[in-house]
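One chain comes next, on its own, written as structure tokens: the form predicted on its own.
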């Protein structure tokens, strides 16, 4: 009689033994069924390593799907809102895809590995949806989530570290990807808004790759990090996150909880001239009627993070809430991403206030803090796009 072991609870990823050895905080979280570090040592040390040194974060739990075949480009172009034909082989594109009502199902990165060879990396389980989207197209769809491991190497000295590890990628531009060795692909991508790379290898080879980077990182300040530090960096860069800035519509339990790309601020990424795609009619209708919401970057007075706080107009009318908020150690500002009901955030941007409750020695203090809408990311550094990168 054949027996199979079924894991109960969270399971370790391909480099969990390395992470466990480095963990002092013993602060873990779940990510797609895997054990992932929230903090390994302290969030402060890990954050400043992102902005001043180099950091290593395990992104293996991310869902990864390989889409190949003569119809792969046409199938993906029918599914996502941007024109896939504009993504050349050896390049990576940020994509979103919607249901028939124009609500975002998920977002992710689309790697074009060849003319008819793609890899889609995303947060949500998408295998069954991809099979449905591929119906009628000459494509093959494979779930590579447990075959391909990923390590994110981010920070000012990341290029120097890779060079010491025998991987000189000075000519690689942002959003380039290439096979650098048998079984190792590297992309100049990341979730920090800083100089950085993502390394992709077989699940069984992730440990050896980690050790190789760790050995090369002794002179470049390499530090392993958890999600908390990464989250601060991505908010500074103005990047959205599923489950925070938007609820993936397939996971929403209530009607009308989804958001469209236009409402999330990605109307510029909708390529109307490429032909039909999922949700196109609904999104065209929204252009005519106007958006229900707008997602904006805001600067808040004070220094207390306002994550989840309500936003009011003239301190009376509730008009939105903070989706993600942190104190930015680099910019020394109280920053956030926020969702506002139309027309606030677009034509009406003045006299907006955040309602914040602060517990001081057992007593709750209610504060109304002014906010200012920003039109650019909070953290912008030329080194993120410099080619070739400097040693920094």
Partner chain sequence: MSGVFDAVVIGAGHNGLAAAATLARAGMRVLVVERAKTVGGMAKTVDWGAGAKGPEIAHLLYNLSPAVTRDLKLSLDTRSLPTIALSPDGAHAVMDGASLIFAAGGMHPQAADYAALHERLCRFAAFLGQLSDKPPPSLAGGLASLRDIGGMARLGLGLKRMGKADMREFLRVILSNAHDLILDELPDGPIAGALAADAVRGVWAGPRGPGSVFTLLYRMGQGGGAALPIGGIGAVTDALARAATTAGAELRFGAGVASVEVEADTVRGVTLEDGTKIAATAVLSSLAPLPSLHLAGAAHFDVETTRRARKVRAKGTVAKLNIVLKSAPDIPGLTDAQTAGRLIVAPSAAYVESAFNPVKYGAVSKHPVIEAVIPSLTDPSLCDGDRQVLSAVVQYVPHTPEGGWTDAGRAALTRRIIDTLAAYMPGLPELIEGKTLLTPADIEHLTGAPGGHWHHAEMSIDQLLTVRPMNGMARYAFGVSGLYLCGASAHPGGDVTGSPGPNAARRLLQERSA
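Given the structure is predicted, the values throughout are model-derived calculations rather than measurements. Numbering follows the first chain given and starts at 1.
Just so you know, the form predicted in complex with the partner chain exists too; it's not on screen, but the next bit is about it.
Worksheet entry | Partner-facing stretch of 308 to 316, 134 to 142, 194 to 202, 208 to 216, counted where any non-hydrogen atom is within 4.5 angstroms of the partner chain in the predicted bound form | Every other range fails; the passing one is 134 to 142.
Worksheet item: If you check 156, 279, 150, 108 against the partner chain in the predicted bound form, which one has a heavy atom within 4.5 Å?
Response: The residue from 156, 279, 150, 108 that makes the contact is 279.
Worksheet item: Here the chain is shown alone; which of 271, 178, 78, 297 has a heavy atom within 4.5 Å of the partner chain in the predicted bound form?
Response: By the 4.5 Å heavy-atom cutoff, the listed residue in contact is 78.
Worksheet item: According to a 4.5 angstroms non-hydrogen atom cut-off, is residue 99 in contact with the partner chain in the predicted bound form?
Response: Residue 99: contacts the partner chain in the predicted bound form.
Worksheet item: Going by a heavy atom distance of 4.5 Å, is residue 239 a contact of the partner chain in the predicted bound form?
Response: No, residue 239 stays farther than 4.5 Å from the partner chain in the predicted bound form.
Worksheet item: Can residue 94 be called a contact residue for the partner chain in the predicted bound form at 4.5 Å between heavy atoms?
Response: Residue 94: no contact with the partner chain in the predicted bound form.
Worksheet item: Taking heavy atoms only, is residue 129 within 4.5 angstroms of the partner chain in the predicted bound form?
Response: Answer yes; at least one heavy atom of residue 129 falls within 4.5 Å of the partner chain in the predicted bound form.
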